[in-house]
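Coming up is one lone chain in structure tokens, specifically the form predicted alone.
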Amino acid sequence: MARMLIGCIADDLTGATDVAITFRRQGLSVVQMNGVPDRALATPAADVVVIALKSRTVPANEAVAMSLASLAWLRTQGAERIYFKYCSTFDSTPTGNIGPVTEALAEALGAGIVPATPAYPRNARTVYLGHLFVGDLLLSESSMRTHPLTPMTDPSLVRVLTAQCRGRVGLVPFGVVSGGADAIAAALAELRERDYRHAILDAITDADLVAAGKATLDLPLTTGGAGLAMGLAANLAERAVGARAASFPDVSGPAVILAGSCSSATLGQLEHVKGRYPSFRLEPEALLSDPDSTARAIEWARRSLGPTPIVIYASAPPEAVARARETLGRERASAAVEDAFRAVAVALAAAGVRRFVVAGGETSGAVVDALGVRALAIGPEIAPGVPWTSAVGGEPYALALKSGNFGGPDFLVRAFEVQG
């Protein structure tokens, strides 16, 4: 059996592609699987296998079950260490799912203490004295404070994780982290002796994360965003088989942008292409009240397909999202939008579309599921944490799956310049 240096479990699809491109950038070969793999499925030889789940906002018991099933498969494939990947803005509710999944994985692996950090300086996410910053803002002052599914109103990761966990949560502060890998390892050992089961790691530079990766390299379980994954990969590079040289497939023809994220980054990207690309808005109220609403969007899309990408979006400013949630209910509104994107994706694929740019983790999961894509090859990077990917097996789809918060204002234009 080929050696797998890291088995990675990601709590959503865009987070999975984010961490996959991070591993690939460090010279490791990567395969991404969508959903819990079938027990009989053998993975292609790779340094890293990333399993993309849709577990971020489901009930905690469901997230735990999916994660443990993924862990069981990764262990049969010979994974030497496990990485649990979540968003660099620590997206979760007061009851989970980061804490419950971490503790379930830790128990299954017999882990003593589990380090955790969402820090990702490449995307302006840093942790100082246990507090998460987005750029120059505390997490609670960023656009994440009004996220429709996981509003983040407390920047203290120790407090946030403590609310989700049975075990005690400690901190390895920057004064220790800046001392390097040996200092970090000693601090983790001391916390474990004091019966802490989790440790938030400060990090404000890539060098901090490389040191943290070295300090935690031999632990059975580490958790974080793509930043700590980079730190681990940097310390494993000498052991890697290396990225395969296969060329990324050339996929051409009509292209569509499907945007469900309501993040400020995605809203800015949609504004940037207003008037440049034909656009159609999905209204949650109409989707729930009018059974023909999705069909009209599909008919518009079919008529509009051509040399220019088209946009179908449900993204809206926070105040509009809040009104819709109050009127329709959060779960009903979200389900209606996801169902519409599934139907749109299937119809457009039948119409010959093979290039999809998708904004938002929930939306990406719905689209990939609807298209029946089970595995992805990682291609060229469009923006930090966002690569083009290609479907492995079946139809030759090219997919750019973007976390709502990622990418600059010109991302939706740049994506097609990179893909060509």
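Heads up: residue numbers just count along the shown sequence, starting at 1. Quantities reported herein were computed from a predicted structural model and do not represent experimental measurements. If you superpose the two forms and keep the largest set of C-alpha atoms that fall within 1.5 Å, you have the rigid core.
Not pictured, yet referred to below: the form predicted together with a small molecule.
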Of Cys87, Ala203, Val172, Ala314, the one that lies within 4.5 Å of the small molecule in the predicted bound form (heavy atoms) = Ala314
ask   = Just one of Ser263, Gln269, Thr102, Ser92 has a heavy atom within 4.5 angstroms of the small molecule in the predicted bound form, so which one?
value = Ser263
message = So in the predicted bound form, is the small molecule close enough to Arg325 to count as touching (4.5 Å, heavy atoms)?
response = yes
query = Does the 4.5 Å heavy atom contact test between Glu338 and the small molecule in the predicted bound form come out positive?
reply = yes
ask   = Given that the partner is absent here, does Leu71 sit within 4.5 Å of the small molecule in the predicted bound form, heavy atoms only?
value = no
ask   = So, in the predicted bound form, is Val321 in contact with the small molecule at a 4.5 angstroms heavy atom limit?
value = yes
ask   = With the partner left out here, if you bring back the small molecule in the predicted bound form, are Gly15, Gly96 and Gln164 all within 4.5 Å of it by some heavy atom?
value = no
query = Can you pick the stretch from 253-261, 138-146, 110-118, 204-212 whose heavy atoms fall within 4.5 Å of the small molecule in the predicted bound form?
reply = 253-261
ask   = Is Gly15 among the residues whose Cα moves by 2 Å or more between this form and the one not shown after superposition of the rigid core?
value = no
query = Would you say Gly170 moves between this form and the one not shown, meaning its CA shifts by 2 Å or more once the core is fitted?
reply = no
ask   = After a core superposition, would you say Val358 shifts its C-alpha by at least 2 Å between this form and the one not shown?
value = yes
